[in-house]
Ligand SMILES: Cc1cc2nc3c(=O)[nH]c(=O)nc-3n(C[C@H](O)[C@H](O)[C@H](O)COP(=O)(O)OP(=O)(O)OC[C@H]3O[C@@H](n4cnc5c(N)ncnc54)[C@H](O)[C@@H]3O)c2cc1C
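Take a look at this single chain, the form predicted alone, given in structure tokens.
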Amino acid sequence: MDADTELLVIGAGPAGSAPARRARALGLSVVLLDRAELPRDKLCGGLVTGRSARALDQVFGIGITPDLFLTSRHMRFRAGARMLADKPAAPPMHLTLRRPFDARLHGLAVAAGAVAETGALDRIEGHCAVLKDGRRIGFEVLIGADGANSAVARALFGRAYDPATIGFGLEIEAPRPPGDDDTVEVDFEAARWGYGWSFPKQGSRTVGVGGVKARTGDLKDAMAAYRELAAPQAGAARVKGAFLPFGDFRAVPGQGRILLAGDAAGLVDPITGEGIALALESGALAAEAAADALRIGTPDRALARYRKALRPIHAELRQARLWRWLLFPQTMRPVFLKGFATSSMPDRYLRLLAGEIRYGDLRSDLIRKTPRALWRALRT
């Protein structure tokens, strides 16, 4: 059945449910479209940081509850078998499975009045989205929140991402071993130009590796080795793979009245891997830009308003992309690991995850404390 709406959101993950919910609060009519019926699985570590928790409260009015989250305050940083830092009193980190998490947010958006539809985008014709089954949805503003392989981005730019800079990840959901202590682990040697993660969940552990695809190469061997180290109990757990917009954000996230949010706009921190907070924040900002543009009758100005709102996030990601050159090149890895193990860098990493500091806050501290070899490499 054809329909018309003020705001069409394509993609019903956190980056899509957030603008749907926020736009309804601002009085817009909303259609929320996803190619699959929810609940459905997504490759994601499912780490909800303090920054993500604040965004959930601001956009959806929900807190961290034990039915959806496992909360851990214990973080370990490793380099293979070598322990770099063990932090048993870290800022709280909340772990969730994307299947129930996405379904909860989608349900809240629908409860607020968003109209849920299922279908896949075929093309965009003017101010109309044409689905593969022939249905047409007219819109005043469209938000593409349909992930790293965004059909909306392909419709606008011919491709969703730059293959030279996109990331890729492999992941399994493994049974929890006996005596599991709910520790969150990151392994900086699990993958070239990337890292591995082992995140506890209620009843399982999410174990995966990811990195910049053009530099990491085939991750199958890296995943097999990390799986043996971090989840020898995994048995025949199915391996999932997906592209990750690992710091390759779009400086111009859309065209006119069509906006991109979350992974579709490349909004993933290349150091911490933070994506959920940026999905929620960018989605809400996109909804507000749409509402502002529609209020004054200029929907084609939505992108200009959205770009202005995104400036702080883009500035942070530019700085994070610079720091990535200190962490991931193989020639710098031994120096970085030594510095990480013998300095306050783990504490700063945790404060970044918690949203207590931003990359701009690190500049003077890192100049003062980071080993000289790192800074010689950065200057070069």
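On a predicted model such as this, the values are computed, not experimentally measured, just so you know. The numbering used is simple: start at 1 and walk along the sequence shown.
The discussion below concerns the form predicted in complex with the named molecule, not included here.
A.B. asks: Tell me which stretch of 30-38, 344-352, 309-317, 325-333 has a heavy atom within 4.5 angstroms of the named molecule in the predicted complex.
C.D. replies: That would be 30-38.
A.B. asks: Against the named molecule in the predicted complex, would residue 10 count as a contact residue? Criterion: heavy atoms within 4.5 Å.
C.D. replies: Contact with the named molecule, yes.
A.B. asks: Would residue 302 show up as a contact with the named molecule in the predicted complex if we use heavy atoms at 4.5 Å?
C.D. replies: It does not: once the named molecule is placed as it appears in the predicted complex, residue 302 has no heavy atom within 4.5 Å of it.
A.B. asks: So in the predicted complex, does any heavy atom of residue 339 sit within 4.5 Å of the named molecule?
C.D. replies: No.
A.B. asks: May I ask you to check whether residue 46 falls inside a 4.5 Å heavy atom distance of the named molecule in the predicted complex?
C.D. replies: Taking the distances in the predicted complex, the answer for residue 46 is yes, it comes within 4.5 Å of the named molecule.
A.B. asks: Just give me the single entry in 274, 185, 140, 248 that has a non-hydrogen atom within 4.5 angstroms of the named molecule in the predicted complex.
C.D. replies: Residue within 4.5 Å of the partner: 274.
A.B. asks: Can you tell me which residues in 111-142 come within 4.5 angstroms of the named molecule in the predicted complex, by heavy atoms?
C.D. replies: Result: 119, 120, 121.
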